[in-house]
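Encoded as structure tokens, the following chain is the form predicted alone, with no partner shown.
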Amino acid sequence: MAVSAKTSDDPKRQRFAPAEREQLIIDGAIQFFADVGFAGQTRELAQRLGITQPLLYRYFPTKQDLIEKVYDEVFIGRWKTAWERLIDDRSIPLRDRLIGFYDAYASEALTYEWIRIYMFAGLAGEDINRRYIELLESRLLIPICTEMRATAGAPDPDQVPISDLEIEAAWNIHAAIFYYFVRKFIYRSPVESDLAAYISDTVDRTLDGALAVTKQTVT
């Protein structure tokens, strides 16, 4: 006896509650934009999801509405306030705090979808990048500079404002780890297989120099 193709476990034919359907669309959009970029059309996304374009528009009236939701899910939703508390915790050596942060950040945030959406957004002129850079500077890079000051015995930022060059020094650590994933997910080139070792090595190669310069220049 032939089995009908319209089985109840076919995800394209299941009925979902509105919140479930919305999340399925968001999850599909994340993968879609990561694969093809923001030039991809909502008609193609609807086909990939197995739904009609009018149904997609019922949840997200415009493509920009969907992009905003993807930003919230991928970039804002993956950021953890616990990471900020870790950076501020002076009971832990700064080196260990940075390694702990980047171990968690790399595994929980810097995924295939995150990296590719971020890069496609920059090429498409979306302001995702600008907004995320502002988040990074306020929640990560300036706190790292503050902790570098404390570790180096330099004046507190309340006494001497953090300079652009100090922020660039914090960017140097962040950018090295970010670029590891650009090479992996954009260029598809070989990368160090031991990510934890790479993160530790990157922090060790950059932090001591940044601390030395901070101690010498911030007075």
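Each form is matched to the other, and the largest set of C-alpha atoms that superpose within 1.5 Å is called the rigid core. Just count from 1 along the sequence shown to find any residue number. In this text the structure is predicted, and so the values were computed from the model without any measurement.
Not pictured, yet referred to below: the form predicted in complex with another copy of the chain.
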Within 4.5 Å of another copy of the chain in the predicted complex, counting heavy atoms only, one of 186 to 194, 23 to 31, 45 to 53, 62 to 70 shows up; tell me which.
186 to 194
I'd like to check something about Phe178: if you look in the predicted complex, is any of its heavy atoms closer than or equal to 4.5 Å to a heavy atom of another copy of the chain?
yes
Heavy atom to heavy atom, is Ala169 within 4.5 Å of another copy of the chain in the predicted complex?
yes
With heavy atoms only and a cut-off of 4.5 Å, decide whether Ala39 touches another copy of the chain in the predicted complex.
yes
May I ask you to check whether Ala82 falls inside a 4.5 Å heavy atom distance of another copy of the chain in the predicted complex?
no
For a quick test of understanding: in the predicted complex, does each of Gly77, Arg90 and Thr146 have a heavy atom within 4.5 Å of another copy of the chain?
no
Within 57 to 81, which residues have a heavy atom closer than or equal to 4.5 Å from another copy of the chain in the predicted complex?
none
Core superposed first: is there a CA shift of 2 Å or greater at Gly40 between the shown form and the other one?
yes
Taking 2 Å as the cut-off, check whether the CA of Arg183 shifts that much or more between the shown form and the other one after a rigid core fit.
no
Core-superposed comparison between the shown form and the other one, Lys63 Cα displacement 2 Å or beyond
yes
